[in-house]
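In structure tokens, the next block holds one chain alone, the form predicted on its own.
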Amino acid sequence: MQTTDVTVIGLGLMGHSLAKAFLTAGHSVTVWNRTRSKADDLVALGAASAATIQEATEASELVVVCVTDFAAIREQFGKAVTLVNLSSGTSEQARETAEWAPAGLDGAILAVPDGIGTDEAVIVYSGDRAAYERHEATLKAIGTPSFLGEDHSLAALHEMAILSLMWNMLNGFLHGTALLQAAGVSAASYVPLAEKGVDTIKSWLAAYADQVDAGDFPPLDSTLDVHVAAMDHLIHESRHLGVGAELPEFLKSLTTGVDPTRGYAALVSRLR
């Protein structure tokens, strides 16, 4: 395998996992972190610890950054040969970064630190296509790469969409566990049924996406007014059990002004 020199800036949980995965794949790795002791075990594995950011960026053609935010990136160093920003941020911030690093890539990690270096870790990239193609083989060391396009903002935008999905699903799960625990039912016993529910919802996504893209929302499973009636049941059940009803009340509020004979995906009109 052809190896590439790689620099990793930022050694939090995720950055540390990125650096270790590059080392495991046989790449020559230079690391930098404000707290240098965080690099000690990586140095023991063969990494070089740079004394300054400038030294770190000059050590490698490929510079991977995983720090708290985009502002920290710009404050800490200037242009690298190929900057791959894997820090979390918004699409607007990604576009701003592209102004001073146009030959780089913005990326979003759809995995937890323990998953880095496995095929299950999906990392999406956007930005300079030539840079992606030049370094794609190296980037496979940290996860399965996917190129979304040359608009630098696309990776960050998709990351924000995934975060919305994650928090909405987790909040729904936690609200459900609160209902069950209020009735003396354990959260653990709910998990198998909850997983089946997630699988069912997953099966709806492609059809909902087609409706959103087409701007046409025929009812697939039921009309919106049927969903609203069920939301009323959930609100009543929550209040009856002494569980906060803010989440189902908010969901019902989104239906105001939407044609009740349409399908549930019509709610996207209230969110745009």
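Keep in mind that this is a model prediction, so the values were computed, not measured. One rule holds for the numbers: they count along the sequence shown, beginning at 1.
There is also a form predicted together with another copy of the chain; it is not shown, and the following applies to it.
request  = Although another copy of the chain is absent from this view, report whether residue 137 comes within 4.5 Å of it in the model of the complex, heavy atoms only.
outcome  = Close contact is absent here: in the model of the complex, residue 137 is far from another copy of the chain, nothing within 4.5 Å, heavy atoms only.
query = Does residue 131 reach another copy of the chain in the model of the complex, with heavy atoms at most 4.5 Å apart?
reply = Close contact is absent here: in the model of the complex, residue 131 is far from another copy of the chain, nothing within 4.5 Å, heavy atoms only.
Contact flag, residue 227 vs another copy of the chain in the model of the complex, heavy atom cut 4.5 Å = So residue 227 counts as contacting another copy of the chain.
ask   = Using 4.5 Å between non-hydrogen atoms, is residue 173 touching another copy of the chain in the model of the complex?
value = Answer yes; at least one heavy atom of residue 173 falls within 4.5 Å of another copy of the chain in the model of the complex.
query = Which one of these stretches, 22-30, 35-43, 199-207, 49-57, sits within 4.5 Å of another copy of the chain in the model of the complex when only heavy atoms are counted?
reply = Looking at the other structure, the answer is 199-207.
key: Partner contacts in the model of the complex for 170-196 (non-hydrogen atom within 4.5 angstroms of another copy of the chain)   = The stretch touches the partner through 170, 171, 172, 173, 174, 175, 176, 177, 178, 179, 180, 181, 182, 183, 185, 186, 187, 188, 190, 191, 193, 194, 195, 196.
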